[in-house]
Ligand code: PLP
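First, one chain by itself in structure tokens, the form predicted alone.
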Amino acid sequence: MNDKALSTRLIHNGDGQYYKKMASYQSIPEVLPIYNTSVFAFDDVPSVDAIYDHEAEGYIYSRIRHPNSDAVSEILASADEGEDALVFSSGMSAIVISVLSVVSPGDHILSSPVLYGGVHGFFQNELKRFGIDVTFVDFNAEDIEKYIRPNTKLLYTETICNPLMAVPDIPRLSQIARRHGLLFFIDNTFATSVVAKPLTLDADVVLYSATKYLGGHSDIVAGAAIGSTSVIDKIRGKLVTYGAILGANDSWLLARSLRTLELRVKQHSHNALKVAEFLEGHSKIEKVFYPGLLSSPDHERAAAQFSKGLFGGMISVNLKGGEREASTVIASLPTIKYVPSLAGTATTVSYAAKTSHRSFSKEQLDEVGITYGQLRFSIGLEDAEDIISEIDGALDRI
């Protein structure tokens, strides 16, 4: 190419064609490279046709799929013991697109009322625009079968419900779904595959805000869906249409994080149990929500469904007081930061009534049990005694 002009040589030397040379080498990268390319090149038209017609493997356009999204999807499917997986640009996009892939105008969804606020809002408000009705029912306290209609298509809940840490009876819900020909989707964000594997308990799809524990370092925004090939293929079609695939860089970062997921979640869980036990005996605390506590109404159910001794890293507490006391505690924590998210390496605090569930009316908050004196702690990887000492010091200020 030395007979070409400088600009031509700068553009074409060392371009994607270099990969063909690398493919003949006897060595490979130990870590999958980041494929920062929006499109893939072909030598002829039949090569593209073969991929579109599913006669050959390959990539066309990164909005559809790319090597990094496929690689991290493979890790996720293996971790949750699913047949296939997809990654999305956020947890909300994973949930919205997955739900819209399996319901149509005129359909009905049965959901737990205690959900991440964004999902609750999507169910309560946005789905009306699509002619889809949602009924919120306490899956643990009610006979949910009496709420199932001829047009009900989907059961939806969370493995550990946000922010009250309630744990549904997953096998029972799976049996109800099978009996009535429904799909059963469950958000496993707070648990992860380290604590619980809902697919092995016959759920159809497991959903994640991968921004949280799966990413685990507070440096990416991502989502995921894992399940059977038949259901994931339906979701894949909508994912391509809506264009919410996770990009190459964030897919690579998510894959990096998943290598240490088990180590991190086990430590989060061990620390959280110590902190929950401390808080349960504190004079300034009215109630602790954590399924690992023997006093939790969900403890027996959680112990039966979760990995031995692991109950996740999330704790909610009701202070003996209201908004003023909650604000004082938040302002009195020197290293535990107030953030509208969770599950990074550092311990953080959130305030559901003012962040994730801010759109709820006072009546809705009361109905699900969220108060203005309720704080949610995401217990990190620090030494547990240091976490306890800092929270104790903040509680002394109220």
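What you are looking at is a predicted structure, and each value in this text was computed from that prediction instead of being measured. Each residue number is its position in the shown sequence, starting from 1.
Absent from the display: the form predicted together with this ligand. The rest refers to it.
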Report task. Tell me, yes or no, whether I95 is in contact with this ligand in the predicted complex, where a contact means a heavy atom of each within 4.5 Å. Result -> yes
Query raised in the report: Any of the heavy atoms of N162 lying within 4.5 Å of this ligand in the predicted complex?
Result: yes
Requested in this report: Classify F123 as contacting or not contacting this ligand in the predicted complex by the rule of any non-hydrogen atom within 4.5 angstroms, answering yes or no.
Outcome: no
Requested in this report: Please check if G82 has a heavy atom lying within 4.5 Å of any heavy atom of this ligand in the predicted complex.
Outcome: no
Query - Listed range touching this ligand, judged in the predicted complex by heavy atoms within 4.5 Å, from 84 to 92, 176 to 184, 275 to 283, 319 to 327 - result: 84 to 92
Report summary line: If we test each of D204, D298, D250, E158 for a heavy atom within 4.5 Å of this ligand in the predicted complex, the one that passes is E158
Query raised in the report: Though this ligand is not shown, can you say which of T211, S73, S111, S269 has a heavy atom within 4.5 Å of it in the predicted complex?
Result: T211
**Report entry** Contacts with this ligand in the predicted complex - residues in 375 to 394 whose heavy atoms fall within 4.5 Å
**Finding:** none
